[in-house]
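Take a look at this one chain, the form predicted alone, written out in structure tokens.
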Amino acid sequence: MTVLILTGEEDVTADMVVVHLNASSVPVVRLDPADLTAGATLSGEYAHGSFDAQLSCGGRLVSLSGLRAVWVRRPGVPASRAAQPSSWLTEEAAQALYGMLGGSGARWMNHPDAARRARVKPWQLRLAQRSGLPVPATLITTVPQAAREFAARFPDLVVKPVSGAHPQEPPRAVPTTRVAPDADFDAVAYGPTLLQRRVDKRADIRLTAVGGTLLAARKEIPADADPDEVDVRFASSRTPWRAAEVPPGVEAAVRAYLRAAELAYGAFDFAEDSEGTWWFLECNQSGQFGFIEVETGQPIARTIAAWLARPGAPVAGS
């Protein structure tokens, strides 16, 4: 049976997994939903109580009933490369593709419905609390006075976008930034603002969850690090990532989070404070892992390939 990877043509992270699937003689097909009607075709028939569907892409014809797993890696906008793209065509193509795949019986990493919900940061924060993960004091508000009162209680704050991305094409990540002590917060009135107590961290933690396997990596904060560099993605430190053990309490809470979120894959970011507490920052349901694997040698790609290759019904967090 075949593994279907939904991603763009140039995706080195997906390539790392494909290498392991090929080594295991597991058939793999890659599809960018953006290519529907412009190089990729889809056809499904519902008749006499049965369902029969085929997908054609890259010169391959695949029966949807022959799929063992679907990895929703970094798919493009459905039908965006069509001769005459439109929001209507995108919606039609999305419903046709994901609707048919949903009826195939394949295992998902991750199911589109779960992935869509899991991207929402306020939802993440509440689920993390309920799962037992420590969450820094956080305020999301459009009320300047509420922001001022929050800052009075927690004087050392960072600000980050609620959605995590800047509205441009292509979208760009917006760094988490330290709030100046003299901020007046008037601009909060113009859009929802996420303020969070800054964790005085001694290390950044990336925990990659693949089914029941948890692989953590730790990046030490140098003693001479700039205290205003609070976002590890944009920090100038060259300290390497190193493999780390997952504390038992964190392990139990992460597994609870994955079960509730119905995720088979999640990239968790934590800030470790001076007492060793791992503070939850976010969980990216399609986060990158290649840089972690390269620096630590952790077998993340191989673990993903093994999860995609194995038969059986989908079980979140297993």
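Worth saying up front: this structure is predicted, and the values here are computed from it rather than measured. Each residue number is its position in the shown sequence, starting from 1.
Just so you know, the form predicted together with a further copy of the same chain exists too; it's not on screen, but the next bit is about it.
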Of the listed stretches (44-52, 24-32, 281-289, 63-71), which one has a non-hydrogen atom within 4.5 Å of a further copy of the same chain in the model of the complex? 44-52
Contact check for Thr7, Ala223 and Leu263 against a further copy of the same chain in the model of the complex, heavy atom at 4.5 Å: no
Taking heavy atoms and a 4.5 Å cut-off, does Arg81 contact a further copy of the same chain in the model of the complex? no
Indicate whether Gln95 is a 4.5 Å heavy atom neighbour of a further copy of the same chain in the model of the complex. yes
Close approach of Asp184 to a further copy of the same chain in the model of the complex, 4.5 Å, heavy atom: no
Would you classify Pro247 as touching a further copy of the same chain in the model of the complex, given a 4.5 Å non-hydrogen atom cut-off? no
Only one of Thr239, Thr177, Thr213, Thr142 comes within 4.5 Å of a further copy of the same chain in the model of the complex by heavy atoms, so just point that one out. Thr142
Residues within stretch 174-209 having a non-hydrogen atom within 4.5 Å of a further copy of the same chain in the model of the complex: Val174, Ala189, Tyr190, Gly191, Pro192
